[in-house]
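In structure tokens, the next block holds one chain alone, the form predicted alone.
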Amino acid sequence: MIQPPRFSARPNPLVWWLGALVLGLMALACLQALPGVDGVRLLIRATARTSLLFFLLAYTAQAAVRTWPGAWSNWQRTHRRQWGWLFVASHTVHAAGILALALMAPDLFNTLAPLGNRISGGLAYAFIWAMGLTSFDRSARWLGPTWWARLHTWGLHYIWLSFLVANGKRIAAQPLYAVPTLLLLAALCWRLWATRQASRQVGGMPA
């Protein structure tokens, strides 16, 4: 029987650096693959997908450990902070692409991003950057455990909702968007189920 590799209980900084390197190379490849506005739009689509990947890794890390404790799930949870930072980095590049599109093709930008989208997206970015800045030990201590928990709980679920709406509304035009939509719904159900199982075990009830 093949055994999974033994991962260290301490987070490996290479996870962040390799992820950041891949993001940088991907951004350069998108901008060089297509000229001008088309390259920027490719970058926006690509970073939307990498952001979703890193978000889901962070979003399901605790549920993974509760459901399937072991080396792989422990490694995922151990690096949850790194997934969060990579998500912030990916979505910051995504924001840079959106800004570039607004400057290069304002009419197209206004068509693709009406005012309501900008307001809801702006709130999502406020949560993303606030959560990123408070993901360091010193800033977390400064904020305090109560407000830290509120910020990261509200922010996490608002970002989840933003992803769900952004992908779900495109299903009619492009059915492939059903895949990320279903992944997001499955991730939420997984978290809720894992939390319920943990609560039942703490209460002394059979799981």
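Start at 1 with the first residue shown and count on from there. Quantities reported herein were computed from a predicted structural model and do not represent experimental measurements.
Another form exists, predicted in complex with a small molecule; not displayed. Remarks below refer to it.
Candidate site formed by R80, L188 and A194: none of these residues places a non-hydrogen atom within 4.5 angstroms of the small molecule in the predicted complex. Not displayed here, the small molecule is approached by A124 to within 4.5 Å at the level of heavy atoms in the predicted complex.
Among residues of the shown chain, A61 is not one whose heavy atoms approach the small molecule to within 4.5 Å in the predicted complex.
In the predicted complex, at least one heavy atom of R41 sits within 4.5 Å of a heavy atom of the small molecule. Taking the partner from elsewhere, A71 is found to have every heavy atom lying beyond 4.5 Å of the small molecule in the predicted complex. This chain is drawn without the small molecule; in the predicted complex, the residue among A96, M104, A130, A113 with a heavy atom within 4.5 Å of it is A113. This chain is drawn without the small molecule; in the predicted complex, the residue among L56, V65, I159, C30 with a heavy atom within 4.5 Å of it is I159.
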